[in-house]
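Take a look at this single chain, the form predicted on its own, given in structure tokens.
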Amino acid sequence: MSMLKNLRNPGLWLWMAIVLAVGLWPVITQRASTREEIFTVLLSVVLASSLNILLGYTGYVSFGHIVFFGLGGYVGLFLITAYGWSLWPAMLAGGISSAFLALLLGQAILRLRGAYFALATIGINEAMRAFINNFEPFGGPTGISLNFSVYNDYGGAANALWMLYGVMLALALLNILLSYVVKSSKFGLGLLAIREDEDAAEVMGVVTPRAKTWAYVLSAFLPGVVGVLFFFKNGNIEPPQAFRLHMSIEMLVMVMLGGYGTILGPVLGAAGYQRLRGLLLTSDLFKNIQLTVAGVLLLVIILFIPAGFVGWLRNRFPKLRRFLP
């Protein structure tokens, strides 16, 4: 009953309706260019919201979260090409494999705190990229490429693109709902207690190693799923594409820009950052230094608006809190 009561929050359904409306716009207009732009935003929403379950709720900063995206993509495309799996079970397998990796890693690195944990996540990303680069079943440095005929089972390449877009929209909405359910649960309250003071949370009865590990597992599952979706859409996967460290940094910027620890923050942060990134890439002056701009933006946020845009609004206008989850 308490869970159903929590789901009555008007802000949650308002913003999910807004995301759905924006997501349906390319379907209504049938514009492929708009579809590709919003697909990128929806992908970023999933990645940022997933990271927020770890960063925003427990306070653990991960610079290697993209490893789950890359691993999921590799597992999914391997099963499709080597064993003829369809996309749907391959996506599930990608998510499960990423969650399982997070479960194994969480037993070790979540004992670390602060900068030590952040450095460990960077090392994991680089180690995974080096391993996959030399793992022959996954194609080594050349990766895995799909045969174009694989799209025939989905109505051809053109129809497949629209289908994949619809699935990404559904996953983005699912991730927003998952983030809300986790935060409003007893489990989520334990995670927030860890973020505020981990030692005090232990004293109050929170089993912190288990709570942090399951938060890590939950935050890894959907990146693994969308990794399969993204690389299936691209038709190939290679180690440099799958384990790009700068994507983890961009995910951090999205979460901090919108407001870490909130439901809406990563959504607005992803949309705002992708819009800014698009402007930078089309600018002759800034196209080669977009990551520098991202770093500067992260520094400005930490110094002047550490709560992010949504956090600032919630603090400045308390009456809006129920509409800004």
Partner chain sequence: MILQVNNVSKRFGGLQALSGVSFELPEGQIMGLIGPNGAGKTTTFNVINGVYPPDTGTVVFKGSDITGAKTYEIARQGLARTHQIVKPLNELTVRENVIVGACFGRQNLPLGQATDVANEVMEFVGLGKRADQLAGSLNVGQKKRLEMARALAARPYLLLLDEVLAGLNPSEITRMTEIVHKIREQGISIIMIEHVMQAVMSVSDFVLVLDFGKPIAYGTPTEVANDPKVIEAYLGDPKLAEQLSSHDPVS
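It should be emphasised that the depicted structure is a prediction, and the values quoted were computed from it without experimental measurement. Numbering follows the first chain given and starts at 1.
The same protein also has a form predicted together with the partner chain, omitted here; what follows describes it.
The partner chain is not shown here, and in the predicted complex it never comes within 4.5 Å of any heavy atom of G84.
Interface residue remark: G155 is not counted as part of the site for the partner chain in the predicted complex, having no heavy atom within 4.5 Å. Taking the partner from the other structure, the partner chain in the predicted complex has a heavy atom within 4.5 Å of a heavy atom of V206. Under a 4.5 angstroms non-hydrogen atom cutoff, the partner chain in the predicted complex lacks A170 among its neighbouring residues. In summary, the region of this chain contacting the partner chain in the predicted complex, judged by heavy atoms within 4.5 Å and restricted to 194 to 202, 216 to 224, 243 to 251, 99 to 107, corresponds to 194 to 202. Residues of 166 to 193 that come within 4.5 Å of the partner chain in the predicted complex, judged by any heavy atom, are S184, S185, K186, L189, G190, L192, A193 in sequence order.
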